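Okay, so here's just one chain, in structure tokens, the form predicted on its own.
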């Protein structure tokens, strides 16, 4: 008897969710029923509330959420000491995965959010501290200094200010907010599924989010943004894009950031991000790398169309230029992604708690039959 299975669980429905919907056949992404094209026009914390609690926040609810994030974002002296003890050359994602389980996640200040249990507050404390972890580790790497945490400054503005140790421009904060909204949530991707598998064992929220960070680090997942940029830098200029693409295809290479298992049409997040990247990079030192990526995408599409295929850029392809333009280096691209996606991960942990069942798939055994010694 032949037993069928799905490699990589492709097409397998493992559970249900009401958080986001990826309709890849028509190129649509929505959070709680709202299309992403509408949500990127909303304030960041309003969309965070939507992902966590199911409805768009009122102005008063936004304030409560923002205040919780601001009150709970500071690192303790022991957390800073632990960060200082880490090797400076450590990748930001390895730092993040290591630090999350060690954070003090006890809530600071009023608990006025509609969580049904304390785990929600602990998870949101992680969300609050991730930007501070990233900014502090960055300042330790470049200047051996600890940035000042300002509890009166809003979440994303505080992150950029600490990260660069100078006031963030309103334009850069606005662009970061749009980028982070695009990255908040994406159904049962590898990182989120990892998070839900961990959560299904009734492991604490800290462990669930840490495991998701490890999954996101892979170049086939969140790490594709850094990989795509590095390829464009190697190519060097738009006029070399065609030769690069032809050589890549001849050698059966993989172009990171192009194509997506879910989307059969253009990734709607890439459709939003590409013009944003072009505007941000125009007239800057990053215009060349953006134009190189744009030309690579064009040449790759042309070659795919000759084979009767449509392969489009996904979210990761144009994230590099946007990040660079707001001062975030390649080694922090994926960590910035984790900073946003931690909101979605927390929503999935809480959703899985409603009707939990431990994830325990079966495997098709292909080893030898029973043998005797």
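Note that the structure is a prediction, hence the values are computed from the model and not measured. Numbering follows the first chain given and starts at 1.
Form predicted in complex with acetyl coenzyme *A: not shown, discussed below.
Contact with acetyl coenzyme *A, judged by heavy atoms within 4.5 Å in the model of the complex, is confined among 195-203, 166-174, 250-258, 288-296 to 250-258.
Shown without its partner, this chain lists 90, 148, 220, 102 as candidates; in the model of the complex, only 220 has a non-hydrogen atom within 4.5 angstroms of acetyl coenzyme *A.
Between acetyl coenzyme *A and the residues 342, 323, 314, 45, the one pair within 4.5 Å by heavy atoms in the model of the complex involves 314. Relative to acetyl coenzyme *A in the model of the complex, residues 300, 309 and 337 are all within 4.5 Å by at least one heavy atom.
A residue is said to contact a partner when one of its heavy atoms sits within 4.5 Å of a partner heavy atom; residue 162 fails this definition for acetyl coenzyme *A in the model of the complex, lying far away. Taking the partner from elsewhere, residue 224 is found to have a heavy atom lying within 4.5 Å of acetyl coenzyme *A in the model of the complex.
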